[in-house]
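One chain comes next, on its own, written out as structure tokens in the form predicted alone.
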Amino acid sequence: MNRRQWFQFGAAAIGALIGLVLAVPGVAYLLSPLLKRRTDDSDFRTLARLGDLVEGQPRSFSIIEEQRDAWVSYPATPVGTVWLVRQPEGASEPVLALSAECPHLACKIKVSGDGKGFLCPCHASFFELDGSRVNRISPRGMDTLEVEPIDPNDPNAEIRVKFHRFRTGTEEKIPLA
């Protein structure tokens, strides 16, 4: 190997090393969404304790979570609301969880003026306290949410709800991805 070849080899080696140093962070950045450990967004969330609810009086709770796309995390913001209704003793479930999003057009459902049901203010859909519909404006009753089993005799029992959003405008309850 003569001197000219030695410099060519050295320049190529240094160029390859610089290219490698620049490529590693770039490849890591592009692959980072695949390498991140994903949390299951459909986990149960603690919303209240059983003693916080009064039988037959619905109470709303906001669902707050961080939004994340492939490379960006956004600060925690409200993504939905859940109505919790404590059921009378002897009911199959001590607490009923209902989505506050109207199945008609996704307006936020509120408690009716007399407190004995729910009302969607956008198109006057009425619902009973169990989420069943009173009139035929909404295509289905309010969407029930899964509640983790709790001891109905323990006032400190945490009420944990699995929050989901559902497709609106359909008679079937179809979860959104």
Partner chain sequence: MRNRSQFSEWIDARTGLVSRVSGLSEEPVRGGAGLRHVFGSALAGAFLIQLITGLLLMTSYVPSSSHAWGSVWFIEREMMLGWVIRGLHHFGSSAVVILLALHLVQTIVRASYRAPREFNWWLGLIMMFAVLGLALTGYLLPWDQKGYWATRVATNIAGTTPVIGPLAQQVLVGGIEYGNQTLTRLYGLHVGVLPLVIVLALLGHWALARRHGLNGKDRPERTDTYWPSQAFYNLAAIGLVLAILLGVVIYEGGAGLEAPADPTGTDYPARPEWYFLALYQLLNEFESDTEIIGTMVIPGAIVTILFLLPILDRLFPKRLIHFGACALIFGVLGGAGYLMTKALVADWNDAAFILARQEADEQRDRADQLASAHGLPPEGAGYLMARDPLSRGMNLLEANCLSCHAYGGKVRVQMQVAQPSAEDLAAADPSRFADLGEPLSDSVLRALAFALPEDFDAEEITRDASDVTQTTVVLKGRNAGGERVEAELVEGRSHVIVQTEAIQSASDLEGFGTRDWIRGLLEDPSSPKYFGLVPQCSGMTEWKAESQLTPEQLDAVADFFVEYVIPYREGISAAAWELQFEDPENQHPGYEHYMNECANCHFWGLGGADGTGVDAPNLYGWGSDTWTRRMIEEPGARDLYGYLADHEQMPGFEGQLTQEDLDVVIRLLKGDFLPLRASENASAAEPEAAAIAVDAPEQTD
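Basically, rigid core = biggest C-alpha set you can superpose within 1.5 Å across the two forms. Because the structure is a prediction, the values reported are computed rather than measured. Numbering follows the first chain given and starts at 1.
A second form of this protein, the form predicted together with its partner chain, is not displayed here; the remarks below concern that form.
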item: Residue stretch of 110-118, 138-146, 26-34, 123-131 approaching its partner chain in the predicted complex, non-hydrogen atom distance within 4.5 Å; value: 26-34
item: 4.5 Å heavy atom contact, Ala70 to its partner chain in the predicted complex; value: yes
item: Close approach of Pro75 to its partner chain in the predicted complex, 4.5 Å, heavy atom; value: yes
item: Touches its partner chain in the predicted complex: Pro155 (any heavy atom, 4.5 Å); value: no
item: Residue contact check: Gly169 to its partner chain in the predicted complex, 4.5 Å heavy atom; value: no
item: Thr170 C-alpha relocation of at least 2 Å between this form and the one not shown, rigid core basis; value: no
item: Residue shift check between this form and the one not shown, rigid core fit, Gly19 Cα at least 2 Å; value: yes
item: Core-aligned C-alpha movement of Pro155 between this form and the one not shown, 2 Å or more; value: no
item: Cα distance between Glu66 and Gly26, which in the predicted complex differs by 3 Å or more from this form, closer or farther; value: farther
item: Distance trend in the predicted complex - C-alpha atoms of Ala28 and Glu66, change of 3 Å or more; value: farther
